[in-house]
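Presented as structure tokens, the chain that follows is alone, the form predicted on its own.
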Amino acid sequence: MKRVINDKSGQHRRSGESYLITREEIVQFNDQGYLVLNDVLTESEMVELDFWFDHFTAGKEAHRMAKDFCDMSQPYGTPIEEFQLVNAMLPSKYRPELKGNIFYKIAKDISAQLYSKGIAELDYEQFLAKKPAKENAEFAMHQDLGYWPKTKNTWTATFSLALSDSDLINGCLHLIPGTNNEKELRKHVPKEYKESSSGAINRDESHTLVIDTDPNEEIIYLPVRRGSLTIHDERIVHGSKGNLSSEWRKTYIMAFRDSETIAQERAIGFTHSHNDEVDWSSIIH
């Protein structure tokens, strides 16, 4: 087991709403599929985000979010009091006060440095919270692109902002470096596997997908402090274990993609909302 910490990053890279990344980090993102950036947001900036995170994960908007407020480790319809891995999709859609927040501004600036072939725009965002002492509050190993429509340009930078310290005991991100460059996407199957009468895969009861991995593949762990970021590519194989600690593990995620790719998604009705009416069988890769 290997832990990765980027000791060369930190607040000295910040200038207003910009955060400078190095040429070496850009190369690493393209070759290995991930980055770790420490101390990106200040504590005062984090406190502003804490309020909305707690608002959503407490279920304050659940009455109008439908499947966008759910437990990512269990089937849709799980009672709120039984949630283990709390998920609130597209929070700024439901509370526009979140639009253009400091995390968005910094992540967009970094995306522009990582992406040289077009314009990177925000595709989706979500709040994720692992409740304390929930061993099953885990994400099975997967590739993000396994969830999404097939588009010509699949470039993505997914930012995970740690609203609480993230480490091995509470289920920090782990991944298999370099799998972002595999030619073929691995086969994804719904965790709650069900088939329709036609034999097509049905994801109406659970959003979660899983893949098989080789036990000989090297998995690395990315612990980060509150206010720090991990960034990963849409094709990298990754996941996270449950929370064995006595505290919540809290994460704010934003994914940036090519602006034309986003337009293609929206044209078929795909917004990353769990309420989208999409033929999921056409999305499984």
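Quick note: we count residues from 1 along the sequence shown, nothing fancier. Since the structure is predicted, the reported quantities are computational estimates derived from the model, not experimental observations.
The form predicted together with a small molecule exists for this protein as well; it is not shown, and the discussion that follows is about that form.
Not displayed here, the small molecule is kept clear of R257 by more than 4.5 Å at the level of heavy atoms in the predicted bound form. At the 4.5 Å threshold, heavy atoms of L128 reach the small molecule in the predicted bound form. Although the partner is absent here, L173 is a contact residue: one of its heavy atoms lies within 4.5 angstroms of the small molecule in the predicted bound form.
Contact annotation: S240 falls within 4.5 Å of the small molecule in the predicted bound form, judged by heavy atom distances. Judged against the small molecule in the predicted bound form with a 4.5 angstroms heavy atom cut-off, the residues D144, R249 and I253 are in contact without exception. Listed stretches are 94-102, 128-136, 179-187, 109-117; the contact stretch with the small molecule in the predicted bound form is 128-136, by a heavy atom cutoff of 4.5 Å.
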